[in-house]
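Next comes just one chain, in structure tokens: the form predicted on its own.
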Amino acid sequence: MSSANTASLNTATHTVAPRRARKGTSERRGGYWWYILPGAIGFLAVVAVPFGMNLWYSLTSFRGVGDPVFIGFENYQRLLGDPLFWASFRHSVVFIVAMAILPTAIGVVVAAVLFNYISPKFGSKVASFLRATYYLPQILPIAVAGVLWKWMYQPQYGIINTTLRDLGLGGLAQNWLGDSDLAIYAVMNVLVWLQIGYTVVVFMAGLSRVDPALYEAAELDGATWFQQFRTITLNQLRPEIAVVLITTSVAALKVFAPIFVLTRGGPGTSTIVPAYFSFSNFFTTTKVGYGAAVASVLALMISVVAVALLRYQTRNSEGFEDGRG
């Protein structure tokens, strides 16, 4: 074979090979879409389409039957002047304290005690048992937990008031869920109880990645447990604290089930939250368009808060990695 023919053959071979490689790569990429398809269909059916319909209904006057009547942004204008709407969001801020701030503060302390004191002194099995005990409320269905706490709060025969009377403190017995001044604090107590287990599990998982040499060096330097907690534990758990605050804050903004089970937004409107306010407009007063507007504003607020917290968490993680480096 002549050198010219050999050169032509080599050129053709080198030309065909990249084409085949590109074709194989494109075929593989095309095959990946089939794995995304079920999730995409589920997202469209469960999230995107219902949310689009909700936005449409929020621009209409609709009672649940008949044809919706387009009214533009009138429902949103009504929201701005509705004191109950603003009260529901104020209650959401209170529940952020109960579902995010307090459980995070309590959880990090409990996790540190279990990991750094209980586990070395009494064994990992005892620490694991206590961790599971704290997590138990997360496993219980909200309906079961709500019935349990309603029984405990019952003013006549509930265990809380009965115990107070047995101790001679009957003057402290209250109608915990029936008093408009106390109901929101009673609900907050339940929410803290529900959330602590989640924070304890996350923080104990975070502590498991901390280098034990840090605590050993601190002990050799004579640092107390509180000093180790402040300088080592809190600093090392910064990524986990950020994640917990994000997830629990979003959960507090959209809280519904505990309110539905315990108080139905009462007494009066003392514990109403946006999710229950939207629900009551949908199914109690059948003001579907107005309820959809409430739900849309709530979704927007949750999105804004989630994005802001995620950006903060990203910057916090970058600073944490730089500090470690």
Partner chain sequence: MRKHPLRLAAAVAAALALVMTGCSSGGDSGDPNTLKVWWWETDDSALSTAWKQAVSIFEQEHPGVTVEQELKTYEQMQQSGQLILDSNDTPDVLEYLKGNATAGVVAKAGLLTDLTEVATTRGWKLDNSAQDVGLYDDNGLMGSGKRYGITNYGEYVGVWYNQDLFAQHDVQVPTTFAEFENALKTFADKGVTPLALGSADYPGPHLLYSLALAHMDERSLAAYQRFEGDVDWSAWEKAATTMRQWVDGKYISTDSTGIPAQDAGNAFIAGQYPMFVSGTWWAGQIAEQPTFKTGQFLFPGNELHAGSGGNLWVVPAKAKNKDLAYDFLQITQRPEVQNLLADKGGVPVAAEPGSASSAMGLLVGDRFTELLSGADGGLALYPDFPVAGLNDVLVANTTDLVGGDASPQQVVEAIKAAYDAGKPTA
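Under this definition, the rigid core comprises the largest set of C-alpha atoms superposing within 1.5 Å between the forms. Numbering follows the first chain given and starts at 1. Keep in mind it's a predicted model, so treat the numbers as computed, not measured.
The form predicted together with its partner chain is left out here; the points below concern that form.
- The three residues F73, Q77 and S249 each lack any heavy atom within 4.5 Å of its partner chain in the model of the complex.
- Its partner chain is not shown here, but in the model of the complex it comes within 4.5 Å of a heavy atom of S280.
- Although the partner is absent from this view, Q156 contacts its partner chain in the model of the complex, with a non-hydrogen atom inside 4.5 angstroms.
- Residue contact check for V69: none of its heavy atoms lie within 4.5 Å of its partner chain in the model of the complex.
- With a 4.5 Å cutoff on heavy atoms, S180 counts as touching its partner chain in the model of the complex.
- With contact defined as any non-hydrogen atom lying within 4.5 angstroms of its partner chain in the model of the complex, the contacting residues in 47-77 are R63, G64, V65, G66, given in sequence order.
- After superposition on the rigid core, displacement of the C-alpha of V69 between the shown form and the other one stays below 2 Å.
- L300 shows a C-alpha shift below 2 Å between the shown form and the other one [criterion: core-superposed Cα displacement of 2 Å].
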